[in-house]
Every structure is written in C-alpha cells, then in structure tokens.
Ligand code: GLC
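Below, in structure tokens: the form predicted on its own, a single chain.
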C-alpha cells in the first residue's frame, strides 16, 4: 500500500509516474515536528534489530544505520567515510524489521537523514525546504517495498546490448592515434573490448558538441573506422557552456535566454573546464529541448552513446567568489604572527569550488516560475540527462543509445544510468562499489557501475584484477582513470593472460547478465540484491554485505583485500561453487550451507549457483557484435526438473515485450535422466546433484 502526503507547495520533480491521490490526514507512520522557528522535520523510532536500506548512491554500507547522510549532489572525489553526500540524491529508504516501511521524500532541495547517528534508535528526516511530498509504503518485506516503489517511479532506462561489453577510458586520449593505439593493444592481446571513451580533451577548447579538428581531423571517418573494428566511441558532454563569441551554443543560449540567471537578470557565470561558462537552464522545457537537440551533431557522425558529467553542477569558482578572495588577500596582514589567520587564508582560496553560497545566487525559469537554484539543486543533473534522453526519442526513435550521468535524482533512472563518479584506486573503494550496487538498484538505477581500478591515484595490478573480477557482474564495466595517474589499460601491467581470462569470463556471462538486467528493467525489479532480499528469514544473511545476488541464479563473493589468498563466505543454502580461471577452464564442487573459507587466485572468479537454478554460458568473443547465441552450455545444481527464461533480443531496438524475446531453457527428466533442452538453441548440460 502506498500513501502520499503533501506539504506546502512542492516543486514537481517528475520522479513519480504513478497516479496516487494525496491523503487528507497527517502521516501516522512518522512523527511530524515543527520547531519554534517553523522548520519541519520527521522522526521514526527504530527497533534495535531494524535494518535501513536505500539512499542509492550513498557512502558506507548496505545497512545505513548509525550514520548521517545528506541528499545534496556534490562534486567530491574523496569518498572517505566521513562524507555525507556524493554525486547522487536518492531520497528513498526502507526500514525493515518486525514492521516494514518505505519512505520517499520527494523534494529537489537538500534533505538530511540522521539514521541513528544522534540517537541510536531515532530516524530523523530534516528537509531544508518545507514544500515537499512524502510517500509511505507498507509491505510484507523490504524487497516487497522496493518492488512497489519501482512500479511507482517507472521503468528503468534500457541500454543497448553492446554497452554490456568491456569499455576503456582515460582522462584523456588526446588524439585519433592514441585511441588507435589503445584498440590495437587490446586486439593484439585478444582482450575483449567494445568501447573507448573520449574525455574532455577531444573537444575544441572544452566546448560542448565540438571536436578538435587538430587532434581528430576526420572525426566521422574515424568513428566509422573504429566501428569496423567493433569499437564504439563514447564522448563526454559537460554541463557548462563556454563563454566565447562565435561559438554557436553560447550565442544561441544567450540570444534565446536559455542560461541560468542571477537575481539582476544577467547570465550566471562560473568557472569550469572551459574557463568562464554559463549553465543551461535545464529546468526550462525550451532549454532542455534546445540542448538536447545538439546531441544530433555527434550522432550524425556515428556516435551511439554519451556520458554526461560535471552536472551537479560542478563549479571551480564564480566571479563573486574570486572577487571576495582577491579582496581578502589585498587586506591580509602578511606580517601577522597568528597561525589561525594563515589557515583562514588557505580556506578562503581552497573553498572557492562548489560553495553553497554560490548555489544560492542563481535562478531557474521553470516554465514561468522563477526558482532559486538551491531549491532545485538535486534536479540539475537529472534534467540534463532528461534533455538528452528526450532528444534521442525524436533524433533516433527506434534505436537505443547509451546514456549515463554523474549527478542524478530518482526519476533520472528512466532516461539514463549512472556511474559512481571520481573514486580512487583504493581497496576501500572496491568494497564501497560492492555495497553501493544493490542500493542503486533499489532506486531504479539498474545500468550502473564504478570506475574499475579507481579514477584517482595509481592502481596496482592486484587491485585492478580484483576490481575487474567484481566488475564482471555490473552492467557498466568500464576501466577509467585520471590525468596524471599511471596508464591503467589492462595490457600495461605485464602478463596480460589473467586480464584476458577475467574479461573473457564476462563475455561468456553476457547472455545471462543481459537477460537478468532486461528482466529487472521490464518487471520493475532489481538485478543486484543483498542476500537478505532472497533469504529474508535467515538472520545471518541480513548481516552479510560483501556478497550479492546477481539475478535469479547466482551469488558472488568478491575478494576486496590486498594480498588476500581467498575469503570467508556464507552460504544461506547448499550451492554449487564454480571457480572460473577462464570461460572454459573451471572447477566445480557442491558446498553445503554455512561458513567456509575459499581460496581465490588473482586470475580466478568464484561464482555460486543457487540450488535448483541454472546458469547459461556462451563462447567468449572479443566484442559483443560477434556473440553467438545459437549454442550454450548450461551449468546447474539440481536434482529435479527446472526452467529458466532467458531474455534475448537484437540489443538495439525497442520491441521489448515481444514474446520472441523470451527463450526457455529447461532441465527435464526422460527415462530417469535429467537433460537440458531449448527450442531455439543447441544446449550442452553440465549437471551437478
């Protein structure tokens, strides 16, 4: 059951697509409190054993109890444990215990969730603006509540199938020849690869929708050249538009008044990669339509995917911030003997980026309603990606495009996926990636992933191998690293065989992973789940956060500690352990319910197949265009007849619900023997009982 409550005059976020009539009574599930200064907040008393799920792209664990979180999309690459906000704002939580309740706070301004931080058993929700909607969901379990919520917010974005291939990125590959060299090395080492990313330096002066003629002199031909090798190029698009006379995007945005404004009506200016920029007013329908139409420039060159960045929006400085800092320095007494003054000077200069004060200094025209930015801050990246997603519907209505974003709010999940931003080459960030994935799924972001190997800092060989071994199971599998770090391509760490084997395992699993992704999207479900969602009566499973259920058939147990030779795993039931050293080289053994230590070599990928489930595998290839789905090997741990429905389509069209897209694999009994059958493909069975 879902109930909707309205406070004040909330700004419409378009996060919810289900028509739900607002309640006239006050919320019974939450304590509504108004302070002496008129501020509104809500509290809920949690039981000692309650688990709190949700918040999507948030710090720390799957269970969010014991800390304080802020929904305020933030450009901060140092995701250390004390950080309260990251790039996304996903205001959905589930409290699960004797009573199960879901809470979605639908407001585009900052919200604070104190989940037992100030007081152990008290959940306190504090919105920064009293104009909001709150949805309360009652359910039989946490998983039931998530499914209700997913239907409430609408079908998740569906990526093209090629976007499940391995993808390589770096800030930056500066020229055509650099990209050719990357592709050449992957192909010569026979490491599968489907896409190469183009970071900001492909542009002419960091100007959106331009390509440097000096570094990419024949861009359209180059795109086609890469496609002939099975490679898609994926360019970045930033939120800031460079201020430069003669630059068409700038000139048009200024002429048609499509940029965000200051209080005096002038265009708001901030410094980002191009230098001084204006921000398109994505809250305005005309601005969205205009900006979205510009993707056509690159699509006409053959581009089939984009990643939207810097759209919190990120700001290095503003004119006002620079002026304040300069004025402060002019008045600074450099002869002072007060060390606190020097810290103050440092903070004045290092604090120029992403100041909350600057977010309060510009405005949007929301189709006639003038709104200060901080009141709708969390919508900005969402609406930028919405602009692109809506544009793709008329630019190329019958074809799926790859699209994902750094900043997001619930609702954006219908237009694109997310990557988790500028992480670091830290073992702790591999673990954070593992724990974040089910929370993102709960909020509708199914096509998601992290920068494998880490974006900032220098990655080590063992960290990249372990991270890839987990990244096999995330829809977005991209290796990306920053300017100034070591070269992080898989062929730059000596012997490439283990890298080749791990990524090849991904390709043999793609039919299963793609199928489970598509079913999650089409059925408003999750692809990546915590153990507790599949084993709700298992008290120990509720405490396990470093093992995940992927789809209906498998459980994964990634290794995320340096120099580890293996790890302890918990099996909620008897399962079949498959140790992949390569797609064809593997060993299998049945393991019984309980806690076990398993050894896991650097080049190995352990996969547990659940009892009475099956896992289809195909032959690995070097790009998805070459996948042969006419032959499968089925691995199963069962002693009875079972059926698995696999989703398989052409990977780019939108005829999602056709019955032809659903293929049944069955293990049936004949004369006392179990065998695998499928009407559409040839099947080999590897059966364990």
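Computed from a prediction, not measured in an experiment: that's the story for all the values here. Positions refer to the first chain, counted from 1.
The form predicted together with the ligand is left out here; the points below concern that form.
Trainee: By the heavy atom within 4.5 Å rule, which residue out of 273, 493, 173, 247 makes contact with the ligand in the predicted bound form?
Mentor: Result of the distance check: 273.
Trainee: Could you spot which one of 406, 373, 232, 90 gets a heavy atom to within 4.5 Å of the ligand in the predicted bound form?
Mentor: Exactly one listed residue reaches within 4.5 Å, namely 406.
Trainee: Judged by heavy atoms and a 4.5 Å cut-off, are 236, 455 and 480 together in contact with the ligand in the predicted bound form?
Mentor: Checking in the predicted bound form: 236, 455 and 480 are all within 4.5 Å of the ligand.
Trainee: Only one of 409 to 417, 573 to 581, 505 to 513, 196 to 204 gets a heavy atom within 4.5 Å of the ligand in the predicted bound form; which is it?
Mentor: Result of the contact check: 196 to 204.
Trainee: Could you tell me if residue 307 has a non-hydrogen atom within 4.5 Å of the ligand in the predicted bound form?
Mentor: Close contact exists here: in the predicted bound form, residue 307 approaches the ligand to within 4.5 Å, heavy atoms only.
Trainee: Report yes if any heavy atom of residue 462 sits within 4.5 Å of a heavy atom of the ligand in the predicted bound form; otherwise report no.
Mentor: Flag for residue 462 set to no.
Trainee: Taking heavy atoms only, is residue 422 within 4.5 angstroms of the ligand in the predicted bound form?
Mentor: Heavy-atom contact with the ligand at 4.5 Å: present for residue 422.
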